[in-house]
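Okay, so here's just one chain, in structure tokens, the form predicted on its own.
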């Protein structure tokens, strides 16, 4: 099997996951912040800001999951039984959130749908964090198969990652509202973003301390020489980006905080890649151990390379078409 094909597929899947986290992250963040709106008009304004984008954003989740199944069936066969419960919870939460989003436009009473939208968003974010935590802490494997129980993933570290994801998506959502709305919604979002930035930095520090202390392989990756000489800029740049985000919020800027929040997520994602690559199922199975046959990877790669520019073009067009702010009094009907 050609060694470079798994690397290409790992890059494609990693890019799809990063795009999903960023693009669907801010509209999940809108749902997380939904209960703090004071009126239905404000909630309409919040939903209107993401209405043209939210369903397209979830395309990247399909690409990431489908790519894992096609390109790395060995990893898929281990990860799914290991994390079956949080994956199912995430998917059901996304379904409830999507149904609430669509039916809220025609429902006379919005109370239950507001709860489904907010609860589904928060639960999906928490489940995604738990999945991430389950992967970071490692999955027991024996003879290429999952060797743990149904609740092996349920640890304090996974819960910490779940809460971290809620805070992170909330920060993305708040910065999106600062950029895309005006009036009371934008003013409140700016205050929320400041508080959520502090929470995100706390969780990033907690995960950054917890993982090397509990996983010697991660500690060696970051602190052994000469690795440390090349990797020390990552936390320094993260601190500088966090300061830039805070300054952008304090000085009344609108676009800069959202871009800084994206950069903060990407730096955290980079840290996870540095800690775990080339392991797709830490700490035992690499991308080469779990890869499909070369012919299968090439066949699917040809189709992906044809469709990917179309998807990216659609995303760029939609975001350009619906640029500008969502104003008070507007609805998404």
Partner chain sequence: MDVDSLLLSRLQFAFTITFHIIFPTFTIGLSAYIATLGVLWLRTGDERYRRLMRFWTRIFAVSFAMGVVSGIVMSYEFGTNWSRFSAAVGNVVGPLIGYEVLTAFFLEATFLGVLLFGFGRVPPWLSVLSAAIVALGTTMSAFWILSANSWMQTPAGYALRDGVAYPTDWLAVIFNPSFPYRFAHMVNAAYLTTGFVVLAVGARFMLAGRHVDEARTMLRMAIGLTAILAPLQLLIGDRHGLNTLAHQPIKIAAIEAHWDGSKPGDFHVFAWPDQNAERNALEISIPRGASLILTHDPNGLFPGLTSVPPSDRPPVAIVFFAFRIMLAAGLFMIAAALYGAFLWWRGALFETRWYLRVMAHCWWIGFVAVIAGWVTTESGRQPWIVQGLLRTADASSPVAGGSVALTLALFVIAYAVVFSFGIYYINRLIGQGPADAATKTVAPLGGASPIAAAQSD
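The structure displayed is predicted, hence computed values, not measured ones. Numbering follows the first chain given and starts at 1.
Here the subject shifts to the form predicted together with the partner chain, a form of this protein not shown in this document.
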Exercise. When the partner chain is placed as it is in the model of the complex, which of 89-97, 171-179, 187-195, 225-233 ends up with heavy atoms within 4.5 Å of it?
Worked result: 89-97
For this session: With the partner chain left out of view, choose which of 126, 203, 76, 157 has a non-hydrogen atom within 4.5 angstroms of it in the model of the complex.
Result: 76
Problem set entry | Of 285, 61, 37, 264, the one that lies within 4.5 Å of the partner chain in the model of the complex (heavy atoms) | 61
Exercise. Would residue 102 count as touching the partner chain in the model of the complex under a 4.5 Å heavy atom rule?
Worked result: yes
For this session: Mark residue 258 yes when one of its heavy atoms lies within 4.5 Å of a heavy atom of the partner chain in the model of the complex, and no otherwise.
Result: no
Exercise. Using heavy atoms and a 4.5 Å limit, would one call residue 150 a contact residue for the partner chain in the model of the complex?
Worked result: yes
For this session: Evaluate residue 18 for contact with the partner chain in the model of the complex, applying a 4.5 angstroms cut-off between non-hydrogen atoms, and reply yes or no.
Result: no
Problem set entry | Within 4.5 Å of the partner chain in the model of the complex, all of 3, 210 and 220 (non-hydrogen atom) | no
Exercise. For 208-241: residues with a non-hydrogen atom within 4.5 angstroms of the partner chain in the model of the complex?
Worked result: none
